[in-house]
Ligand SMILES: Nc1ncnc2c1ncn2[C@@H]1O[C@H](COP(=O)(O)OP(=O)(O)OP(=O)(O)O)[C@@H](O)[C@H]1O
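In structure tokens, the next block holds one chain alone, the form predicted alone.
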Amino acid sequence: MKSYFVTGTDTGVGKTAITGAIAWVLRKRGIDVGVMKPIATGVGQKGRFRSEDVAVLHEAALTNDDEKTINPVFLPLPVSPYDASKALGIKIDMKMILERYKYLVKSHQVVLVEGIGGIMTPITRDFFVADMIKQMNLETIVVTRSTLGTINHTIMTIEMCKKYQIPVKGLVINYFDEKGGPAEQNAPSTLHEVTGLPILGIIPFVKNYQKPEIMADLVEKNMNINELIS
């Protein structure tokens, strides 16, 4: 079975919600799925996991992997990894991150790796999320919206994937509002036409998107999971 890197057109597009939901559905089908958020930034949370995103992914996959394996690097500032590492005086160890990723690949049938920000979010001055995807040699799923600006952001993301020779499995359109304006209503067909990529799923807007079980139900109904595991 294939593993995937889930990226997005920008921050807040729903990468964590979609990644967690896919993990939940795969687990429900009896597939041993691992999850990974190589780098997380933001305000630390109380509890088992410092990152709320990591907590969501772990709850969805129900793995026995510890925090340092799922999330090797956590930087407690809500900025890009590069900005956070500069401010905190920390060097991000990509070799260690890749070792943790290889461990997960050996331990699970499928691994879903969630990125941080968009594909060109800087990890160091001259190393970006796209470079990390390339090193992991993963096919990517791109999460996008169905709002004004979506077409521009999506095309730029796909063009950077082409530049880095990163294969794209397809697009997931998140937060779709069928009662929205022309931009929302036309987004699925237009994105398919201009990118030539399949639309893997059109996920409707829901308020409780951070609850994996709710998103998993939506993903199972509105996304072709068989396309990912075939």
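Note that residue numbering follows the sequence shown and begins at 1. A quick note: this is a predicted structure, and the numbers were derived from the prediction, not measured.
There is also a form predicted in complex with the ligand; it is not shown, and the following applies to it.
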### Task
Counting only non-hydrogen atoms, choose the one of 27-35, 63-71, 196-204, 163-171 that falls within 4.5 Å of the ligand in the predicted complex.
196-204
### Query
Quick one: does V219 come within 4.5 Å of the ligand in the predicted complex, counting heavy atoms only?
no
### Query
For P81, is any heavy atom within 4.5 Å of the ligand in the predicted complex, or not?
no
### Query
Is any part of 15-44 within 4.5 angstroms of the ligand in the predicted complex by a non-hydrogen atom, and which residues would that be?
K15, T16, A17, K37
